[in-house]
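Before any questions on how it binds or moves, here is one chain, the form predicted on its own, in structure tokens.
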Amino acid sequence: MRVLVTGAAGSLGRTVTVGLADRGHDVVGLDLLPEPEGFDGPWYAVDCADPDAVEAVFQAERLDGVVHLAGDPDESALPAALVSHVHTTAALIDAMVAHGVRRLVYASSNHAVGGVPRSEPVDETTLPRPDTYYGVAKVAAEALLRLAADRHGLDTIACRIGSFRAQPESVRQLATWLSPDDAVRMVEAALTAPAPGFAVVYGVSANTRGWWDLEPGRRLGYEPLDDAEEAADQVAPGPDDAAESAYVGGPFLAPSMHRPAMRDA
């Protein structure tokens, strides 16, 4: 497949671009930043919130799919979050429809359901329960994916990513960790699964302590192979472990994340 990866200069983006290329896919990179050293495919240093810039990329490239990883991973005021996560997704979907590109894999987040208590199951039927404006924007972007699937017949997969790290760094992450290798496995499965329509996948590895449902991903062919438990002896307990493990969103539930919706804190 010839795949456009947005946010390709980020930590997840660099992992995915290299991993997809290693698996034989042609990767086109898009980011506000210049291409990382060693990237040898086409690169577009543009803002994917700009629909004209996105349209120009689609006019220049023949694409089979899009992996949308771009977006501010931190909490912000609501207007900025909507631009970062919703406007960018809308611009990509418009261009996909116009150019006949049928597959969109989206880096959603566990923070779309971050307010769900640890005591409740977390699966594809879990209703949105965002923990922040970041989470609200991810919920809205997922709604756009649902609309694109229903209205235009696109295949759209929302990957609710947990804690993407080289290694787990906290007790919570022993449950929520997504390894680099499993991130690539997840994205490739979402790109190549036959006719998934709209789907939600929980982006975590096969963690012994995990409590998010892996079955939706397995139905698409995502079989995680890594387990955070192998690094458990390297994770030191911390004073916030109990609070961070009480809800899906972990530290995003802390009062320090509370802020006005419509202006910078």
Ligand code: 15L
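Quick caveat: nothing in here was measured; it's all calculated off a predicted structure. All residue numbers refer to positions in the sequence shown, first residue = 1.
There is also a form predicted together with D-galactaro-1,5-lactone; it is not shown, and the following applies to it.
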Point to revise | in the predicted complex, residue 247 touching D-galactaro-1,5-lactone (heavy atom, 4.5 Å) | key: no
**Study point:** Partner contact for residue 156 in the predicted complex: D-galactaro-1,5-lactone, 4.5 angstroms, heavy atom
**Key:** no
Practice item. Would you please decide whether residue 163 lies within 4.5 angstroms of D-galactaro-1,5-lactone in the predicted complex, comparing each non-hydrogen atom pair? Key: yes
**Study point:** Touches D-galactaro-1,5-lactone in the predicted complex: residue 115 (any heavy atom, 4.5 Å)
**Key:** no
Review point. Is it the case that 6, 87 and 106 all touch D-galactaro-1,5-lactone in the predicted complex, with a non-hydrogen atom of each within 4.5 angstroms?
Key: no
Check your understanding: Which listed residue (124, 150, 120, 74) meets the criterion of a heavy atom within 4.5 Å of D-galactaro-1,5-lactone in the predicted complex?
Key -> 74
**Study point:** Interface segment, criterion being heavy atoms within 4.5 Å of D-galactaro-1,5-lactone in the predicted complex, picked from 90 to 98, 181 to 189, 106 to 114, 140 to 148
**Key:** 106 to 114
Point to revise | Residues within 4.5 Å of D-galactaro-1,5-lactone in the predicted complex, restricted to 112 to 135 and counted by heavy atom | key: 134
